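Single chain ahead, written as structure tokens, the form predicted alone.
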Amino acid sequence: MRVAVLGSGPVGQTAALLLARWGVPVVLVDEHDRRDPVGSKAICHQRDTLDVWASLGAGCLAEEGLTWTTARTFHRDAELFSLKLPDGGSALPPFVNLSQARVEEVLDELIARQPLIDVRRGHRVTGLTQPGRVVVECATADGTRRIEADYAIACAGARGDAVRRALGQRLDGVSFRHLFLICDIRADLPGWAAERRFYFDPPWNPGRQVLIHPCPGSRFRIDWQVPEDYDLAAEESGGAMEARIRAIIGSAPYEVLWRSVYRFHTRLVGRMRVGRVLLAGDCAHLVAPFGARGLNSGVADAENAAWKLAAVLRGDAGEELLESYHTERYAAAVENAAVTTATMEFLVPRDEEQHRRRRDVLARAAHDRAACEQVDSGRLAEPFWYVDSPLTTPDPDRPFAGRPPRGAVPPPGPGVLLPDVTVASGRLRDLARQGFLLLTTPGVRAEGLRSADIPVGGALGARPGEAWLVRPDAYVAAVLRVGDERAHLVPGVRGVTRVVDDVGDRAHAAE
């Protein structure tokens, strides 16, 4: 039994490594013969993404990445406000900036040491069928090759049209007509290394936006909104690019490392599970990059898919569990689309009413703190909370209060990711990722399910006589207590479908 992972960008690499960690053989397919190390591409990696990579042995990514702690926002030549990112009680930073090329290099090194992963480069997917198993047809330099697998994760990216077409899926949505110039430079800019800067309507890009991100090695990623008829070649040959950069960095020496022009999109497939194939990352959803919700969401897709496929392949769950992948991750994609669309409508208003609102908000934000909350330069990436998932048992004593303020997380409870706290044996999330876990308060005994009596009550807000059931992706599935009887805590997963006759007496899992 094996899983075919189609596409070896960071999402596909993560999926392959996670599956191998669960003991699942993987064939990892990619159309390119080799990596393209040029350009920063996706750079902004959120704490929970770093957490997943650290669990795979790639903790160096958090260490190598440039940690930034402040997000500053300007209107014209005045600073409106700055946001300090909270540490969240974690050993990992809230965000680091590191080029996608370096992430891929590190993950490739891990894949090369993993005997369960068979890498097939130079294999361009041309077709896919599901006659019981998944059959993938690939064009190679030596002709057509067929790969058979029990299941597949499609991580073929935005250009994975052949895969989507074979599955009857399209990336429906909108493409924003405005263009953005992205340029990586190397320069010594004292004081800029730990902060992200966002400018609305600066004097040196009037009527448009500029975003500046620091990267390791005195590198900076600069995004300019540019006119729809922007001509990169003409700007470079005429010297306007030099003037554009100098307007930001002044007379400091610099070197251009990479530049490109992009158009942003908000697009989703209709289904993220089609039979035995799960779609993940840009193959399933595209969003504008403001807020860094693309790659970070794709890694969350990969973890969600991997533990569920592993459970099905081990015989611990029926195939119906895979439908929850679509339910949970499609809801996450819809939320990301809504958040980034709202940002784009603020950045590039579509009509006069949106223009008026933006002008009013930016004018008031200079002296009104409440107006600052309405300035939208991108709500930074955060986990999606599975509070409405069929795998989550609600707790009436811990109702979900909705999306928290920017930079905050909801209190622990069903559907929420465990806090990243340190316990005697290491990190609590690493313990959770070994399989379903029952966290018990002191004095509660557990039988039949891997359990731990861990003094983390303060971090969880756990109460005496409670047991917390945690999924293999470190999300809380249920909070149980004395006299609790719920028959379907994790539907489709054998061993945890009936838990607890009396938590005060015992916490156990029964077939």
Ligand SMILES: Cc1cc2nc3c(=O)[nH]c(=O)nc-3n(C[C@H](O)[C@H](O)[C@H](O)COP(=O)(O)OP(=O)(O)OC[C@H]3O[C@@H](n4cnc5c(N)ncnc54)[C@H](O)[C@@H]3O)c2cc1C
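From a predicted model like this one, the values you see are computed outputs, not experimental measurements. The first residue of the sequence shown is number 1, and the count goes up from there.
Heads up, the form predicted in complex with this ligand isn't pictured, but that's what we're talking about next.
- Residue contact check for Cys155: one or more of its heavy atoms lie within 4.5 Å of this ligand in the model of the complex.
- The closest heavy atom approach of Arg403 to this ligand in the model of the complex falls outside 4.5 Å.
- Although the partner is absent here, Val106 is not a contact residue: none of its heavy atoms lies within 4.5 angstroms of this ligand in the model of the complex.
- The shortest heavy atom separation between Ala42 and this ligand in the model of the complex is within 4.5 Å.
- This chain is displayed without this ligand, yet in the model of the complex the stretch 293-301 from 169-177, 293-301, 329-337, 413-421 comes within 4.5 Å of it by heavy atoms.
- Here is the short version: of His123, Arg244, Arg379, Arg197, the single residue with a heavy atom within 4.5 Å of this ligand in the model of the complex is His123.
- Contact with this ligand in the model of the complex, judged by any heavy atom within 4.5 Å, is made by just one of Tyr262, Trp204, Phe81, Tyr230: Tyr262.
- If you take 158-178 and check each residue for a heavy atom within 4.5 Å of this ligand in the model of the complex, you get Ala158, Arg159, Gly160, Ala162, Val163, in sequence order.
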